[in-house]
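Next up: a single chain in structure tokens, the form predicted alone.
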């Protein structure tokens, strides 16, 4: 089964470093049957377009603003990243929700802007440890989905992927070091996500939407996670910084 493998470089590398990375990634993944997306910093998008053009690798951005243009110093719009070469954009990542206090209402506006500009959206949802301890994780994720997709039409869901990233299982969260998520936990949340899409839209939409997993996926666990038929792919953070490691994951047959 082919998977969607998304690499999120976050705020790492300078343009010259990414040029080498992009050329290597294009070569190492040329025979992959998976859909591969790399999301570098904004400053590298044109470099990605230049050196990944014609390769198996698609280009994504890590974020956008919800407006098209205007007096928004330091922000980047959906049409800007599209013009720079991006076809995907990550929206609602836990980094943005937690560190920049992005609300579901704001995320909803960004999704609408992305879709209006013909971009594919990787919508990240997921709970923290306290929410899970309180046994509220399913209601929490359901509400995120409902609020984030409010006003989105069913036909637009063809351009939306949902990435479940349990914040408590992400290695950058110091409290998550010994919290491993099980296949049962992942499958249950994927099922909850699909049933919520079915409730809000239709059975067809529920069956067709791609649900990815993102929570410290690396060389030690990627086979176990991606061989799971419930999971359509993965969004990979730290492990994507090493082009050799990311390429291994991206070209694997699952």
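None of these values were measured; they are calculated from a predicted model. Residue numbers count along the first chain shown, from 1.
Keep in mind the form predicted together with 2-phosphoglycolic acid (PGA) is missing from the figure; the text below concerns it.
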- Task: Would you please decide whether residue 8 lies within 4.5 angstroms of 2-phosphoglycolic acid (PGA) in the predicted bound form, comparing each non-hydrogen atom pair?
- Result: yes
- Query: residue 217 near 2-phosphoglycolic acid (PGA) in the predicted bound form, any heavy atom under 4.5 Å?
  - Reply: yes
- Task: Using the partner position in the predicted bound form, report whether residue 236 sits within 4.5 Å of 2-phosphoglycolic acid (PGA), counting heavy atoms only.
- Result: yes
- Message: Can you tell me if residue 152 lies within 4.5 angstroms of 2-phosphoglycolic acid (PGA) in the predicted bound form, counting non-hydrogen atoms only?
- Response: no
- Item | Partner-facing stretch of 209-217, 57-65, 191-199, 24-32, counted where any non-hydrogen atom is within 4.5 angstroms of 2-phosphoglycolic acid (PGA) in the predicted bound form | 209-217
- Have a look at 169, 115, 81, 141 for me and say which one sits with a heavy atom within 4.5 Å of 2-phosphoglycolic acid (PGA) in the predicted bound form. 169
- If we check 2-phosphoglycolic acid (PGA) in the predicted bound form, which of the residues in 101-136 reach within 4.5 angstroms of it by a non-hydrogen atom? none
